[in-house]
Every structure is written in C-alpha cells, then in structure tokens.
Ligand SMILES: Cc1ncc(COP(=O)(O)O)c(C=O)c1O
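Shown next as structure tokens: one chain only, the form predicted alone.
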Amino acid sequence: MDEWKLRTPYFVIDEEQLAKDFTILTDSLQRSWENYRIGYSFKTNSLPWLVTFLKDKGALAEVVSDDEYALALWLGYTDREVIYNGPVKERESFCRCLLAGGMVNMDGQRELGWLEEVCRRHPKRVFPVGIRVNFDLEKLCPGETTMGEAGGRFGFGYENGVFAEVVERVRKIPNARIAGLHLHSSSKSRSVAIFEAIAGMACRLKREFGLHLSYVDLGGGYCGGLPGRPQYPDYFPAVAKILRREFSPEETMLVVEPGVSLLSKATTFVTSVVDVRDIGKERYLITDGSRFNIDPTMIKSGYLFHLELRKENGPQRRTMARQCVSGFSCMEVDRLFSYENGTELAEGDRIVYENVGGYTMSLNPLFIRYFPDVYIRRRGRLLKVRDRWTPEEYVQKGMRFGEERALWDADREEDQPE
C-alpha cells in the first residue's frame, strides 16, 4: 500500500511494537512477582481492535463506568474478566460484577450500601471486595504528584480516618471479605519512587489493620516509550522488594493497570500540510490534524515528531528560522508547535506525531471534523481497523427536525385526563 495515497489524518498502531511492549511488561512481572494479572485501562483507549488484541494476550478489562463495562462484555469479556473501578459505577453493574466473581474496588459510600444489600440477599455466599485507598502520596514523594498538597479526590481517605471506618463497616458484614487494596495515584514524574511509596503504603495498611489480602492493585501511571525514563523492568523489581516485607506471591496477587505505557510508543498520528500562509512576520503551516487529536487536554508543551517530505515539492529547500504548525480548527489555541531552524515545509508534506496512543482517540472531540481513520501496521503493511466517521455515524439514532412531532403528540395524548 502506498501510504502517500492514504487520506490524512490517520492514526497508526504498530502491532509488532505493541506486542513487544506487552511482552516486556509480562516478562518483568513474571520475574518479579509471578502471581500477577494485567488489567488494560479502557479509558486510555477503547478502540475495539486494540481492546481485543490485548484480551487475546490475557489482559483483563479495567473499566470505570457502566458504559465501559457494557463495552467489555460486547467485545467478549466475561464478568469474571472485569476489574471494576471508579466513582461512577452503576448499582446494577456493581452487583452484577460482584455476583459473577469479577474484581470490584469500591470507591464511594454508596457502594458500601450496595455491598451490604448483595450480602443480605445472598447470605450463604462470601463476597470478596477491594477498597480504593486515598493517601497523602505528595508527603511521601514531594513535588511528584499531579494533585500536589490539595490531594486526590478518589477513594477513602486514610489520614482522616475514613478508610478505617470503611474497613470496620465491611468487617461487620458476615459474608463480606476485604480481598484487596486499590492504590492507584497520579504522578507527574511517573518515577520508580512513586510506586515504591505505593507498595510501602500497602504494607503499612496490612500491618495496621491486620489485612489478609488476595491482591494488591497498584493501578497505572507508568512511563513507557521514552528513552531515559523508567521502564517496566525498573518498576517491578523495586515494587516486589518492598511488597515482600509483608506479602508473598504465593498468597497475594499483584494487579497492574497500564494504559499509556503500553500504547504510546506503538502509535503515531499522520497529518499533512494543507496550506502555507504568511501573516505579518509569521509563517503558518495549516495541517489537517489538530491539537485536539493528540493533546485534547491542552497540557503538553511539546511533541515528538518526524517529517516526511513530498518529493514533488523539490529536493532542495531553504532553512527557515520559524514556522508555526497549526491545526485545522477555527480556534487560535490550535497551534501545535513552533518549528525552528528547519526545512521550509510546503503543501503535501507530512508531519508524523509519535507516542500518541494514550488518551488521544478516546478524548477526540467531534469538533469541526469527525473521528479519523485508524490503521494497524502488520509486517510492513497498513490495514484499516476503523473508518473515519461520516455524517452517517454522527447522526446515528438522532432525530431531524420534524421527526419528533409524532412522539410529542403521542406524549401529549397520554397526558390528557380521561
């Protein structure tokens, strides 16, 4: 397939690189803590091909909403292959996962009520459940967390005694058992020290509360794909060394929930320059990709990229001091980066962004342009695994003006008194 004939923009997932990174992950876990499970983070990227590829590798579905739970089942997961996290679980799916033997990590007070209800209805069964812990990671790793001194907003607080209250409440349920701790925390550094601190907290909680745990869930937030940054073989030996102070692989499973670290290195986003314009002293390159495609939260200060120059634009080009690479949207903020002291780019040249697999496709808005094509690269060939959206996909199940009148009239008739 001649890639120059493909319509840009589009994402490409390199299957070989993805498989390689998954193998590095599993090998690192196997060597460090042979009793482990991997839960793939659906929120990071729920592309059906990607989810089912990782399912085939043995990954569980780590979901944080009723919608993601339903998607996991739609794509072939059983309830027992689900890790159910997050603060917005639905009662029905919470109970379903618990009854089916899935892994449920409670994250809010209402879930305690649901647990009590399930246990009352099924007094002859014992229900293992996990608890998400909120603890002051910033104090343990100053300056490294995304929350800072304000702290995170998920789970049950350790320092203020709420976690202790939850432990006591669960212990009062005759047929409930605290089976695991969920300790996911977000960090800016993604350092090994962050995960050593998380492992240390798991040990501390086990000692303090006399817990007998079937699993310790570290969550996600690992680095991946960037040279000079920690990799899987750096994290898990350090974590295992600390966990062994209180746990053993024979009795306690280690659960990890990677997302970005698995996908980033394998994924690129291909864009084309569609227009070149000079305004004032600035040279603008308008591209058919957008900052919204690869940086939807608008927090990145730079991007990894490489250029693919169109031969028809000539072999000899001058060097320009500055070119402003912009997206297709009608918002001034849609400026990706300043390309300085580089080759003068022309219409048809391509800018390929690297390490863009995490949180990009799942956070892409339907703003001005719809979702782009997605390809996988397999043995040097590109195979399309998702078509770009058209108005047909956008309008699905939506009404046009006038189509609601029959329903509106029927509702009004039902509201009339007899």
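Residue numbers here begin at 1 and follow the sequence given. No experiment lies behind these values; they were computed from the predicted model shown.
FYI, the form predicted in complex with the named molecule isn't displayed, but the following is about it.
In the model of the complex, the named molecule lies farther than 4.5 Å from every heavy atom of Tyr235.
The named molecule is not drawn, but in the model of the complex it has no heavy atom within 4.5 Å of Asn293. The named molecule in the model of the complex is not approached by Phe371, whose heavy atoms all lie more than 4.5 angstroms from it. In the model of the complex, Gly130 stays away from the named molecule, with no heavy atom inside 4.5 Å.
The single contact residue among Phe94, Phe156, Phe247, Tyr222, judged by any heavy atom lying within 4.5 Å of the named molecule in the model of the complex, is Tyr222. This chain appears without its partner; in the model of the complex, the one residue of Leu213, Val260, Leu285, Ala197 with a heavy atom within 4.5 Å of the named molecule is Val260.
With the named molecule left out of view, the stretch that reaches within 4.5 Å of it through heavy atoms in the model of the complex is, among 26 to 34, 42 to 50, 361 to 369, 375 to 383, 42 to 50.
Residues of 72 to 105 that come within 4.5 Å of the named molecule in the model of the complex, judged by any heavy atom, reduce to Asn85 alone.
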